[in-house]
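To begin, one chain is listed below as structure tokens, in the form predicted on its own.
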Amino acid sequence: MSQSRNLALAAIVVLVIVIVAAVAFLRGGGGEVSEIKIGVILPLSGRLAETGADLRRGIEFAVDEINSQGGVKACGGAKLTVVYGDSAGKPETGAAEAERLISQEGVIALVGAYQSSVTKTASEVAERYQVPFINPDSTSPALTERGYKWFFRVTPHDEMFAAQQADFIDWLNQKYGLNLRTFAIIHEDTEWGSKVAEAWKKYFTQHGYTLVEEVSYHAATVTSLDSEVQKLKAANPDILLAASYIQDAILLVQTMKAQNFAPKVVLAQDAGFINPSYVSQVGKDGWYIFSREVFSPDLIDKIPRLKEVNDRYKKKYGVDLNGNSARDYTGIWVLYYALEDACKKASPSNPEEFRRALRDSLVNLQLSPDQIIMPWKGVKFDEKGQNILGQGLIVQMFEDGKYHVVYPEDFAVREPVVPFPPWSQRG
């Protein structure tokens, strides 16, 4: 082979290497990564530690599944690594943890933070740093009314739920002739509970129901609900609407029983009422209480993939998925799908560029029902960052100690027990 031919071949090899490198760079492969670090903020200590543990199981299960299936393939199989921040249930601590995860840990995105009041402050930090914030589980309507560009809420919010709950009460009246006319509200007084109460008043009033009492309390310090339940009982509502976290939900049910307060319908706004610890602690006193939900094992026969996922989850943790763990599991998968798209446009080795690509991917993301385990029509964010394809369920606890779906009818597996039986007629 002549020297000139060798030089020509060498030049071709060099050119090919340069082209491959350039293509890889333009596709975002300019810096290979073995992991993509995400920050998760949850109440891992304090009064909501049990709920935080429940949410964490959903996060960990999703991450384990994604990593075992090859990681983020468009980023060369990079594995997801979670760095946790403990809010302790406090907004100021949640904000400090968001600051730490972004500035010290260098996370690509944040996920969290359950309580709307904590999500509010933590996402303020993310917005300032221009870091995508995925919120799987906070339902204050105000969170997506702030004009933020980096905040994406996967779950439906409380205005959507309140509208559905008013429809549910209409349905009870029409189908069972309950003649429900008046309602009372009890709620914890932070961002979440206060906004839930506003949404209930808006939609129940629109449907023609009359508010006869509203009481609030501070969940972080409350040790007695005696005076609050006395006020509610004196008002004699047909319907009691309750927005409580776990310890106060248990306290409310115990106090209602102690004071023999039994309105025709008790309808809770998820949160503490669907926590496994609540269910085990209230026992049969929780029977016949309704709750808003976003998930139920009853959906196993109605949603593709759910039975398989729930079986694996139960084998690992010994409990079924619930509204908390299922939503946070779903939140991580939503982030995963967006990461797959973002990795085609940028590399996590350039965090600022990659975060912008990830935000754009979330803006344009559209998931079909068969890509998630929730009873939703899919996932698609509007201009405010709200998933507009979500919807809720109404469940009721039955004598087997489990919640079952009673509404809407296309997901229902049981007829509701109405009205709420007097305490004296229970075993």
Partner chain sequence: MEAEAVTSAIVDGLLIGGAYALVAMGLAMIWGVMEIINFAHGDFMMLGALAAYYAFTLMGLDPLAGGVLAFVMVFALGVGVQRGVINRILDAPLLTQIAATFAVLLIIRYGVQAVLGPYTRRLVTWYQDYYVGLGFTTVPLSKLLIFLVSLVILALLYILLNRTDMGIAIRATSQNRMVAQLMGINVSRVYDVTFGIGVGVAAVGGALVALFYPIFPEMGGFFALIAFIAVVLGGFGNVYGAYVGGLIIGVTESVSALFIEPALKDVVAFLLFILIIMIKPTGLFGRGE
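Numbering follows the first chain given and starts at 1. Computed from a predicted structure; not experimentally measured.
In what follows, reference is made to the form predicted in complex with its partner chain, a form of this protein that is not presented.
Mapping the unseen interface onto this chain, Ser216 counts among the residues with a heavy atom inside 4.5 Å of its partner chain in the predicted bound form. Taking non-hydrogen atoms only, Leu143 never approaches its partner chain to within 4.5 angstroms in the predicted bound form.
None of the heavy atoms of Glu352 is located within 4.5 Å of its partner chain in the predicted bound form. Looking at Ile250, you'd find a heavy atom of it within 4.5 angstroms of its partner chain in the predicted bound form. Residue heavy atoms within 4.5 Å of its partner chain in the predicted bound form occur in exactly one stretch of 226-234, 197-205, 342-350, 171-179, and that stretch is 226-234. Residues Val309, Gln366 and Ser368 are none of them found to lie within 4.5 Å of its partner chain in the predicted bound form, as judged by heavy atom distances. Only one of the listed residues (Gln259, Ser103, Thr210, Gln130) places a non-hydrogen atom within 4.5 angstroms of its partner chain in the predicted bound form, and that residue is Gln259.
This chain is drawn without its partner chain; in the predicted bound form, the residue among Asp320, Asp238, Glu124, Asp285 with a heavy atom within 4.5 Å of it is Asp285.
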